[in-house]
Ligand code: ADP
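The chain below stands alone, shown as structure tokens; this is the form predicted alone.
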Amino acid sequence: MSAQMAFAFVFLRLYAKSMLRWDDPISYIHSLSSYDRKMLKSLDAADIGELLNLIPRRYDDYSNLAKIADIPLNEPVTIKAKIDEIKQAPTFRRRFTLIRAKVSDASGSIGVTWFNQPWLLKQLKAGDEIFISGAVTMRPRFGKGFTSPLWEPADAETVAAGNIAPVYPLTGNVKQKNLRRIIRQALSELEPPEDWLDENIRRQTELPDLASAYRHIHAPESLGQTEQGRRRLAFDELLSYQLALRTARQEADAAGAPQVAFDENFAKKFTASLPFELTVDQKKAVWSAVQDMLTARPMRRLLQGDVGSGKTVVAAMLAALVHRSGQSAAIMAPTDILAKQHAQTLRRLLAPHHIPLVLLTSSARLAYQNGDERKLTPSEAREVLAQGRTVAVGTHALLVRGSAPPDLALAVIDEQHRFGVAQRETLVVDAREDGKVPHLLSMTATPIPRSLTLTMLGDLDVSIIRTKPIGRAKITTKVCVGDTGRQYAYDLIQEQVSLGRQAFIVCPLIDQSDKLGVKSVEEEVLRLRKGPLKDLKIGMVHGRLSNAEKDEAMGDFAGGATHVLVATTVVEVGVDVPNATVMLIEGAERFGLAQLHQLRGRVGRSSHESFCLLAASEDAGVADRLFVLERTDDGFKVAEEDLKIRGAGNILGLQQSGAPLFKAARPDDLELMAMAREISQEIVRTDPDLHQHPKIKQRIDGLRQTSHRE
């Protein structure tokens, strides 16, 4: 192709309307301003497909065009009115702008107020006719009026005014009004996307085609259409998930697994060496896994256990049995902190039986054997693994081909939902050079309601640990509302520290731009050191600290050098400090019940009385939801309540490389889950290699080619 032809092609792609393709860069959207381009960079959406897969959080119905005289209070409406006057009102606050306008139609007039939008004086003037969309409120001083409503010119096509307006999740400096306009523009220029589902499946499910689904999502003509569009995209996610798991399981079964012989005498010896007695549920879980590993079919078992129920002990015993059989086991965690915590626990449990242990993370390479600890160079670490017959602990980098022990017979993935849709299978399937597939035990401390387990995790056998080890203290949970509640929490922390105990304080993210939680943690530490906990030693952990700094902070807290650890939810799983008896969760209303329950599990890990304090705003409705945790400490009941209350909440927590796997699907989409399961079973049964479904195969292959980063 000549340079002139190439230039002409690019020119046409950039400027010709109705020519956008699904994989085109966002920059190809017609008439984007420099501000639009800069704004879109913060969306983490590189192409048109990713942009259109931004699912609205809700919809505001502004399709009700009302007369000013008939406007109800506190309900979204749209009016068409003429601006009688508009001016900047004086204020006593610096850098604060107040714009007031009076608008009217044939039925009457009403006031409009905008905050910190000085540019409106250049965009609007008396005599202009505009659409105004929002809710009218009654204010004692100013009477009825709109406050910071949407507005659009009456002489142009509207995006929100007079329509059902999508409300998107926003990041950075992205404004709702601009994002709506850009997505509408992209939708109008887009070539209809190729539908990966054939007409037979669409007819069977009674779902719209893909092009219609995106129109229903982003430019609905009715609220009913929004749900039709969401259901189609949700079904796509659920069917893809099911097919990815089923095809991966099929590959694993075809490859076969190394068989693990069971040594009953050693099992009894190991159990007797434990510093506590195994619960009935723990014994059942071990025996079920042992029976699975006796066969050449790869075990695929999910171990569900509430926080503090003793899942790690089950994993340790199975790893010890694998070592006894002459083979290797690997235990993976989603973070450095949790991997190191597991290494310390396993070291204590395996040492009496002279079982070697190696810890491999991005910041640590250590070998433990016969009570000795030895630092390893990268080459020494590879050599230790290459020798086989060991127990390795680390992050998922352990299972990159060529890094895992050649005789790996068992892979244990802790907090399996954090590894992504097909990561748990793909990592394990590719671990061994000889093609055999290790047995897999997935563990989760997030109890999943039975209805969801059957539909979402149907490819796994399930073991459940419900009973907790003897000697664990009950955790008293209290909702602390407002300043009075927070003072109660600080007094309790002071009291517990005076008794020699310690406390966690967990901070939520302030906003989406602070993804690592730096601002919230650092600001809270500064405030506490100057104020309510100024006499205590306070440490902190957040996402921007180096691994060495995190290790130091965790080490100081575990060793008692600091009284209080302020952290993000990095302490949600695995962190085991028995002396910590208080968990204070700031902004508890920002968390789901299941996640709050997991955070609660960081205390109550000894015989000391323990407390979980949920600091919430004065909003009574929010507090009502949190009182569920005061009433029960059963994780399965909490998960069921979370499902009922939150509906669209992500209690499954299923993620892929840090990004949410399910954007449209919801935990209460049980009918869609059942349909996806049934159709995926039929597709794999009749077309195991997906050769008859090339579009489906392309989508599933792309889904399973996941990048695995710590």
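Keep in mind it's a predicted model, so treat the numbers as computed, not measured. Start at 1 with the first residue shown and count on from there.
Absent from the display: the form predicted in complex with this ligand. The rest refers to it.
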- Item | Within 4.5 Å of this ligand in the predicted complex, all of T279, K311 and R605 (non-hydrogen atom) | yes
- Task: Could you tell me which stretch in 286 to 294, 303 to 311, 561 to 569, 329 to 337 has residues with non-hydrogen atoms within 4.5 Å of this ligand in the predicted complex?
- Result: 303 to 311
- Just to confirm, D576 within 4.5 Å of this ligand in the predicted complex by heavy atoms? yes
- Going by a heavy atom distance of 4.5 Å, is P469 a contact of this ligand in the predicted complex? yes
